[in-house]
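Quick setup: one chain, the form predicted alone, written in structure tokens, and binding and motion questions come after.
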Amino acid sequence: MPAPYRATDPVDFLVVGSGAAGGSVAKELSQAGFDVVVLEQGPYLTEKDFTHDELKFVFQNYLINDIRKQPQTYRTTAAETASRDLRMVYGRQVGGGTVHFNSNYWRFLELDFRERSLWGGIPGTGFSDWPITYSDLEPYYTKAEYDIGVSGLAGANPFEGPRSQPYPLPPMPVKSSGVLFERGARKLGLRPFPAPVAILSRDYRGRTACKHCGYCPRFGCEFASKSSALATVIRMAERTKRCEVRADSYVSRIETDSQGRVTGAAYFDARRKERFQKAKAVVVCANGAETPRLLLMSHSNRFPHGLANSSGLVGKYLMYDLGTLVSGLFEHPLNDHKSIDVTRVVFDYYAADRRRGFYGGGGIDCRFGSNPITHAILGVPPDLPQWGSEWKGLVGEYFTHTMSSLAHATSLPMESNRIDLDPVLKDAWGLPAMRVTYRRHPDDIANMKFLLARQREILEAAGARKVWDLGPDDLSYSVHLMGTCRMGADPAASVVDKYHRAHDVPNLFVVDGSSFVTSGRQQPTATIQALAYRAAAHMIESAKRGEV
């Protein structure tokens, strides 16, 4: 750890958030010789803090935002009165959501960056091309994969764009679910491939390979085999002695001077004492929900509608985590609760197809996804007994004989879907609570129904004795937080430029899922991290030229 930087001395860069984006930016800037302070609202946990306590990490939400302290409200349209509810879920500790994610690490495809050109406009949406292409981002996908350690098989995905290098590690061993999924998919003429994951299939750069414990999603990795920001880029940044990570630092606003330049950030420390850190530039990487909230709270006479919000688009075009889950019971034991979550994926339904009659597509994977207590509550199909001696027998059978398929669907950007400030509700620090307004576009619903039918076909072709699903109607919460500070060339139609610099503020950068123009097919972490590497390269070049 470096000696703490003094609050009165402006550091070169102040980074808000320490997840996939914030950790990567901090690592790149500090390795380039800049002084960096990272403010993270959650605690600094390490491997010794991670256990397989399902009650603590799943049911008590130990690693995510606590709605008792950080309440949210939700409504489907602006005409409704929002009610208190949890809709935006994110990691709240050093390393952010990468600490407890399931580690799917898909690159976006070439088509993801130019779908408007391929498809055309969609009524009721802000469907647009990105201001960058896959080829612009490809070197940074590669850099991220090698820095953190990603396991996969280059060339196996027939739809993937060109790669400058193979994955640094071979794919993880296939699970029972992967074998069956591949069998069913190939019967249907589909082309399954090994899932690329941010988990080590072999020892890598001083970290040990996966131990196949089966506790990836919702849990931290006690072996540091999961390639989280905590286990990788944060520690690389700290080793430079130029990066200080301040945990339990809850940022309340970003301050600006009379020229409209940011000067630093005000925050509450662990004792809820107000502090201020000066900075020559600020990089907001707080996630696609907290980032727009922070910008809106940072209003001033010069920025009366929120910082970097001359377009009026901060918080708008929220894209949600949409998908469908289908489960199947098989004759022989699978024991799929062991090892990592996902080992096989199909992208055959990824591209939108006009013959379907709607816009949309998805990637489909196979998984189990339940730990013992969660399975006991949710794992038995709803048409069977949910209590009593018969239920007890079913719990044991279904725990060892079940696999599921999860489709990761598109979410159209609609201006009416947004994050803003609740006019009444406050959080534990007295700040305005987050208000979520979201409803699905009709094409999103049609796409989910289409993918659900395809998932059933795959499981039936794989030999499932029983197949069931809960339908596409439960919106639930979102963990992939995208689109609320979109990037673009036109300052009137976007919040940041293609390098993530705010159009309105020359020394403010916004780097996380909020910059996404379209949703891809979810699984945004690889793209968030690649964008962060690209943005950091621009910051370094600009700072050396004195342009920050």
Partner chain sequence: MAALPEVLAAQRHAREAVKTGKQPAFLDKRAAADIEALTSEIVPTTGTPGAKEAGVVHFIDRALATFEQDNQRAYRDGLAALNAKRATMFPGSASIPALTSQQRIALLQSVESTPFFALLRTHTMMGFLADPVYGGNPAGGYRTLGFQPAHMYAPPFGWYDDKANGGEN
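Being a predicted model, the structure only gives us computed values, none of them experimental. Residue numbers count along the first chain shown, from 1.
Beyond the structure shown, there is the form predicted together with its partner chain, which is absent from this document and is the topic of what follows.
Contact check for G260, A279 and V424: none of the three has a heavy atom within 4.5 Å of its partner chain in the model of the complex. Residue K338 is the only one of R84, R302, K338, R239 with a heavy atom lying within 4.5 Å of its partner chain in the model of the complex. For the options P170, P333, G471, P442, the residue carrying a heavy atom within 4.5 angstroms of its partner chain in the model of the complex is P333. By the criterion of a heavy atom within 4.5 Å, S176 is counted among the residues contacting its partner chain in the model of the complex. In the model of the complex, its partner chain lies within 4.5 Å of some heavy atom of V395. Within 4.5 Å of some heavy atom of its partner chain in the model of the complex lies at least one heavy atom of E222. Contact between W119 and its partner chain in the model of the complex is not found at the 4.5 Å heavy atom cutoff.
Comparing 429 to 437, 395 to 403, 349 to 357, 284 to 292 against its partner chain in the model of the complex, the single stretch with non-hydrogen atoms within 4.5 angstroms of it is 395 to 403. Along 346 to 360, not one residue places a heavy atom within 4.5 Å of its partner chain in the model of the complex.
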